[in-house]
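Taking the form predicted alone, here's one chain by itself in structure tokens.
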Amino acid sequence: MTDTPTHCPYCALQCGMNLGGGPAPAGAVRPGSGPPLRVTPRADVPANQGGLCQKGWTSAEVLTVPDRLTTPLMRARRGAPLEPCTWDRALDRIAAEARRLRDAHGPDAVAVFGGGGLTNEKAYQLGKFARIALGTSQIDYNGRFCMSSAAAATGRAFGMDRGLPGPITDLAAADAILLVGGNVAETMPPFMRHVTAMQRAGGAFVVVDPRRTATARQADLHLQPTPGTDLALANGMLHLALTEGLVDEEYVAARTNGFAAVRTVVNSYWPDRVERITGVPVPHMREAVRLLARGRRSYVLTARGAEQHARGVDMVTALINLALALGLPGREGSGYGCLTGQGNGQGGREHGQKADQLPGYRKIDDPAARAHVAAVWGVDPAVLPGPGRSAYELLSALGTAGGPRMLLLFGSNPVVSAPRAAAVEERLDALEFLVAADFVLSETAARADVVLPTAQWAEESGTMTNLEGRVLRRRRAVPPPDGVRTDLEIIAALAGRLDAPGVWSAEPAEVFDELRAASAGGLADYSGITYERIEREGGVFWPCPSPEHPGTPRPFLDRFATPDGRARFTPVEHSGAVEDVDADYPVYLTTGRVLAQYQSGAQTRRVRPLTDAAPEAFVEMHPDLAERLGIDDGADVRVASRRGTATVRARLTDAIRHDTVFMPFHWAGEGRANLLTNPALDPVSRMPEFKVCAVRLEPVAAPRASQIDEPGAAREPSGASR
């Protein structure tokens, strides 16, 4: 078998890899059906430069998991078991239910929920399907839980949202990097190659995180704030920059607007006050500002720790204000950037599966945007619906009076990944009809009326847009198992049954050509990008408005994407977490990821080396807190918030604050971190407050069954979606 160059199915770094080494399994993929594909890293991809993490090395094993679905499943009625059926029966049933509910209750009775791991082609086609095949405004996706706060903040400041301000290789030449709320050493390990190269050349790495993570341990300076206080910290650092004469006044005057109002606000964030709010010592704040300002080739980077808050947009805005005051954005080799999380988190939010957007990052309520996209689709702009509900609001409305009665789910597992997960389960069960397209029977798919088996990453072609804004090719290495279809094939088949207008191709290249036309003239303009050009150049940066255009690796060098070309300061004030600690819930909970698992665990909880490395959920706490509560290392702990209770093992470490505990969110069942999290929403981005809530902890007297398993025994994964 000839090696196929492609990219990893996991995070937004989109590391390059080759797949080869054995024949493609014939028919249904089952354990032992043939030698697994060999994964080797590609040195020609700048993001990973020949490196892979444990997830990447084992990624081909996902294709042969024991519980891989290879035939549609359907219930005869609610409460009946899922049973195998033909594709025609499944698709006919879905179309009939959609027609019935639309006729009885209007088009918004049917909703669509997508995912940040879908290719650009699938994200585009899903948005088109919702708007003109179903006629519904009710579409959003799980990327709302990932990048939405940073997207809103960068749109407000720069007029355009794009993850990094330049190629990732620029980081190696920086004087300093401030990373707020990211643990890239575990979430995207090859990223650290660029950080290490910077440090070896004399650059400084500053990390802001309540935990001393693997990333923080490599930092030259670690700031360890109280969860939910990053905004106050950023304002305090800007205050210090002002008092120490580190603000680039010439840059501020030439390239920005609005600094006077920000200067007035941060005047009240004097160092001692900020230390009381955040717990970060004043000398550490001062050192961090000086490190950022000493060179001008510096970066302020944010990740989910700064963004997944009910004030996430304002938190990111405060950090952008700091970067602007130091003169960083819009200069080569410096700037503000957001580390996109999901594999296509950047492209997935650009082309129409968000509730308020059309392809090309167009706003759905903009008449000119509606006219352009409608012309590409061959419909009257008047038939396009307006903005719909955001992700959590959509999930919360399922099955309610006036809410959707049917949901089609692609590439997401909200039973594990959504906040206040038990309430989401109730809403899914209240639906009249649920459809899940997935490769396994996940926790969410197990509740569906119809489950459609879909192809996996190495079994289909398409494009992904990584955290740099570089559009990449995902290439098919093997055919999907017999009986399995791609998401594009599923969408096209349903569109045909619903008599949808226009062309509904299942060929990725044809869908991409239509996407190019739909995005033309938008902020995220892909019209000059072709599959052939991506192959030839190893990826193309958007915006790229014509075949002759070189692409835009550094979009803000000459001007920002605002009407006047200037970046905008916005004054923001610290208000703290929506839910603070008190006598009943005296400890902060924060959530995140671990090295061997990914998102809700769809792929990773089914791969033996990864489950061996990280077999179960846990709660990380400081030994002093554990001693006060009478909790031993490895003991079962009940963690309770105002929304639910989870039971997990204790893991004691002095790498976390005394007042804070940490839980990863990859596992289902009684260890679900999202049983506890707060669904309070940011007023702009509609991001839930995943990263901080108040909990109490207590030891569990009786052991769980898992405690008496033989040491080292592997446990069956409980399932999750992509």
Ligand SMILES: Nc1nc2c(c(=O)[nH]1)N[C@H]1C(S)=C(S)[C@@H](COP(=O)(O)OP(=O)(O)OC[C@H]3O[C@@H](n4cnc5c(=O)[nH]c(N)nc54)[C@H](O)[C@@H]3O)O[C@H]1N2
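Being a predicted model, the structure only gives us computed values, none of them experimental. When you see a residue number, it is the position in the sequence shown, counting from 1.
Not pictured, yet referred to below: the form predicted together with the named molecule.
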**Prompt:** Quick one: which of 375-383, 523-531, 184-192, 557-565 gets within 4.5 Å of the named molecule in the model of the complex, going by heavy atoms?
**Reply:** 184-192
**Prompt:** in the model of the complex, does Asp230 have a heavy atom within 4.5 Å of the named molecule?
**Reply:** yes
**Prompt:** Taking heavy atoms only, is Arg686 within 4.5 angstroms of the named molecule in the model of the complex?
**Reply:** no
**Prompt:** Is Asn413 a contact residue for the named molecule in the model of the complex, using a 4.5 Å heavy atom cut-off?
**Reply:** yes
**Request:** Give a yes or no for Arg593: in the model of the complex, does one of its heavy atoms lie within 4.5 Å of a heavy atom belonging to the named molecule?
**Result:** yes
**Prompt:** Does every residue of Phe158, Thr317 and Ser390 put a non-hydrogen atom within 4.5 angstroms of the named molecule in the model of the complex?
**Reply:** no
**Message:** Within 4.5 Å, heavy atoms only, which of Leu326, Val180, Leu610, Ala98 is in contact with the named molecule in the model of the complex?
**Reply:** Val180
**Request:** Only one of Asn466, Thr256, Gln597, Gln138 comes within 4.5 Å of the named molecule in the model of the complex by heavy atoms, so just point that one out.
**Result:** Gln597
**Asked** Which residues from 333-367 come close to the named molecule in the model of the complex, meaning a heavy atom within 4.5 Å?
**Response** Gly341, Gln342
